[in-house]
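Next up: just one chain, as structure tokens, the form predicted on its own.
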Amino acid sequence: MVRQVTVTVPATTANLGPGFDCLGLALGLYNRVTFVETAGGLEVVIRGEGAEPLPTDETNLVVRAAGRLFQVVGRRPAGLRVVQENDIPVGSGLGSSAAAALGGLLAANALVNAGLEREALLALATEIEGHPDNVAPALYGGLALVIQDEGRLLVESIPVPEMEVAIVLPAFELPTAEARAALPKQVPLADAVFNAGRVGLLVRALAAGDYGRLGMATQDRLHQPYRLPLVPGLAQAFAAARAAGAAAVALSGAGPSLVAFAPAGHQAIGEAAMAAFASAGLESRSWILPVDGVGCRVE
């Protein structure tokens, strides 16, 4: 009997303003990874986003993640056919690499009946990614607060009401490494206090669906002021989204996409931000996405 498993992984928007490297929200845009055990060799098929630039050999992130799990549990299939169906844009700030790592890990875990629990899979995904703010919400769903304590990862899943966000992605390459390199090594105490208070307010506002507080709650002094100038028109797109009715706007992950929160009017908000990018000479795409409350699914 041929063994086959399919894993569905949601996109994520991390940081949400002040929650740098510790907060993320799962969104209703998905990558699907299917593993089929074969008699030998490796075959990788990629459809959708990233079909051209992503590698189809052992350097593929899904394959590398699977290989890490096989190494940990001490068993692997004779051969593997991998099919990736990607709806999450690559290099967008929407957690595409976290989705690839989790897709590979969870598919491998199920294919060889490894039985690793969610906490162990989170640790492996974080090892691969380097930080947990995308992998935690993708794995657990909804709003996830994750902290590292003496080598352990502690995840708090925070229920949020049904809501939609507008995502706008400009056609601009901003590697995560470059976005991180723009950040200062030290920050003033006042900026740390500014963010600490807003993280608490942000969690409360999202859990309550309080759009009136979200504008202040998504303010940030640790990373957004340094990253916004890296993308032409991004600051103007923030302003345009707010003027079109967004209650709050934040950089999605390290960018270049933005996420806008509002109780309604998401299409107009997305169009306004896209017009701002167009004025700066950049094409862009937009989505209206619900919050995903489930996280990764394994079939």
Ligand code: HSE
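Note that the structure is a prediction, hence the values are computed from the model and not measured. The first residue of the sequence shown is number 1, and the count goes up from there.
There is another form of the same protein, the form predicted in complex with this ligand; it is not shown, and what comes next is about it.
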property	result
4.5 angstroms heavy atom contact with this ligand in the predicted complex for D220	no
Close approach of P256 to this ligand in the predicted complex, 4.5 Å, heavy atom	no
Touches this ligand in the predicted complex: T126 (any heavy atom, 4.5 Å)	no
4.5 Å heavy atom contact, R81 to this ligand in the predicted complex	no
Partner-proximal stretch of 159-167, 208-216, 126-134, 195-203 relative to this ligand in the predicted complex, 4.5 angstroms, heavy atom	126-134
Residues of stretch 7-43 in contact with this ligand in the predicted complex (4.5 Å, non-hydrogen atom)	A14, N15, F20, D21
